[in-house]
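The data below hold one chain only, encoded as structure tokens and taken in the form predicted on its own.
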């Protein structure tokens, strides 16, 4: 069974997907981390934003593992290194490259083959796994999203003003929603979940209930 969780940054996708996978006994695939890994590898190679060829070369060459909450790139643990504002900005640009997306979509489908998996990202239910049995799209108030991101960065030792974060967030949302390839949007059959007023535990319980209901329905029809 494949469960997809899509949505913009700061809505709680990663936490919800990781905990949902644990509760269900599924594997967890963090696809956003894969784009961040490519972005970090590009930055390490002196990448400039208009160097599209380097992005493609890197995406085709590096081996990325993003299962169970740990992110490895060519065997190096980059789980913390990919969470900086610089990598976040670069990842949103790298992700607009259709050849990079093609390379990573192929990797994502290969990882999911034969597995029960919860896959989190921005195009999982629309592009990568359009036939997934259960799809969620998480949303939240923009300011609440920025506050959450500010807390996350503070824990990692990065202090950024909320207004700056909101502008960076808006810029990223605009890029994600307006790109020609795999724009950020809910799948037609996705369940929309607003996390603004919900604690992570509430969101998790709701997702678990929906997935288990789908599992029960699937068993009843087979």
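These figures come from a predicted structure and were not determined experimentally. Numbering follows the first chain given and starts at 1.
Note that the form predicted in complex with 2'-deoxycytidine-5'-monophosphate (DC) isn't included here; everything after this is about it.
Only one of 52 to 60, 32 to 40, 193 to 201, 160 to 168 places residue heavy atoms within 4.5 angstroms of 2'-deoxycytidine-5'-monophosphate (DC) in the model of the complex, namely 32 to 40.
Though the partner is left out of this view, residue 122 does reach within 4.5 Å of 2'-deoxycytidine-5'-monophosphate (DC) in the model of the complex, counting heavy atoms only.
Contact annotation: residue 179 falls within 4.5 Å of 2'-deoxycytidine-5'-monophosphate (DC) in the model of the complex, judged by heavy atom distances.
In the model of the complex, 2'-deoxycytidine-5'-monophosphate (DC) lies within 4.5 Å of some heavy atom of residue 83. In the model of the complex, residue 172 approaches 2'-deoxycytidine-5'-monophosphate (DC) with a heavy atom inside 4.5 Å. Contact with 2'-deoxycytidine-5'-monophosphate (DC) in the model of the complex, judged by any heavy atom within 4.5 Å, is made by just one of 91, 103, 138, 71: 91. Taking a 4.5 Å heavy atom cutoff to 2'-deoxycytidine-5'-monophosphate (DC) in the model of the complex, the one contacting residue in 1 to 15 is 13.
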